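As a starting point, one isolated chain is supplied in structure tokens, in the form predicted on its own.
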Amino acid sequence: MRGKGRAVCLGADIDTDVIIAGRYLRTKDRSIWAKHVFEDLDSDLAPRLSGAVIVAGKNFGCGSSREQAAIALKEAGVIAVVAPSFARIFFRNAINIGLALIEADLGCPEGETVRFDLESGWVELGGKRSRLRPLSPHMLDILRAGGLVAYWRVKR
């Protein structure tokens, strides 16, 4: 699975409450979540996420186990998230909805192109290629299918 997008740089310890604030969880309207993603961090960030690869610090997705955080990112048009580490529940929620996560420690020049190949195990930013922590073949199958629900539909 390959992809590319513009780098949007964030810091470490981005928690699920920062990704999508609890006040927006009364609705199941995913377009509302996408519109308000990262609102309390940077109110101008959501419109810049379409076609973006978030490059963040360690422990991305910490906090509550809300799956809406991963959904909000995908609905906002985020292609992938690159971070040195992810909170484990967020990690599975993201894979389950088909959002690619890349465990790698990169610097982040804002707006540079990020390229990645999950099967070959590399990510490239600013012309520098790095190895990434590989995903299991099963997780790659889930991502290729577009998420866990789509994966199980195909497996039937």
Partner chain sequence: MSSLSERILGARAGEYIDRKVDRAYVHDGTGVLTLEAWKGMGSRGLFDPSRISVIFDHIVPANNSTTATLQHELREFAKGSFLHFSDIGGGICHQCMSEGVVLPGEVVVGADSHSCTLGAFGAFATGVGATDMAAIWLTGETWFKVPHSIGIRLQGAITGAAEAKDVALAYVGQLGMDGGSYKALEFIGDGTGSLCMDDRLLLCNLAAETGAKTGMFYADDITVDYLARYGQSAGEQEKEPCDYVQELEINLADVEPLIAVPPRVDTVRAVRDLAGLPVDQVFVGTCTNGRYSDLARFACMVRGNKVAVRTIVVPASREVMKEAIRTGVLTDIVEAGCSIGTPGCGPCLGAHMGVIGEGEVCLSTANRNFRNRMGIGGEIYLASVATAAATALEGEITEPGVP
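Being a predicted model, the structure only gives us computed values, none of them experimental. Residue numbers count along the first chain shown, from 1.
The discussion below concerns the form predicted together with the partner chain, not included here.
Although the partner is absent from this view, residue 89 contacts the partner chain in the predicted bound form, with a non-hydrogen atom inside 4.5 angstroms.
Contact check for residue 40: a heavy atom falls within 4.5 Å of the partner chain in the predicted bound form. Contact annotation for residue 108: none of its heavy atoms lies within 4.5 Å of the partner chain in the predicted bound form. At a distance threshold of 4.5 angstroms between non-hydrogen atoms, residue 27 is in contact with the partner chain in the predicted bound form. Checked against the partner chain in the predicted bound form, the residues 96, 113, 50, 130 give one hit for a heavy atom within 4.5 Å, which is 96. Residues are counted as partner-facing when one of their heavy atoms sits within 4.5 Å of the partner chain in the predicted bound form; in 4 to 23 these are 13, 15, 17, 23, in sequence order.
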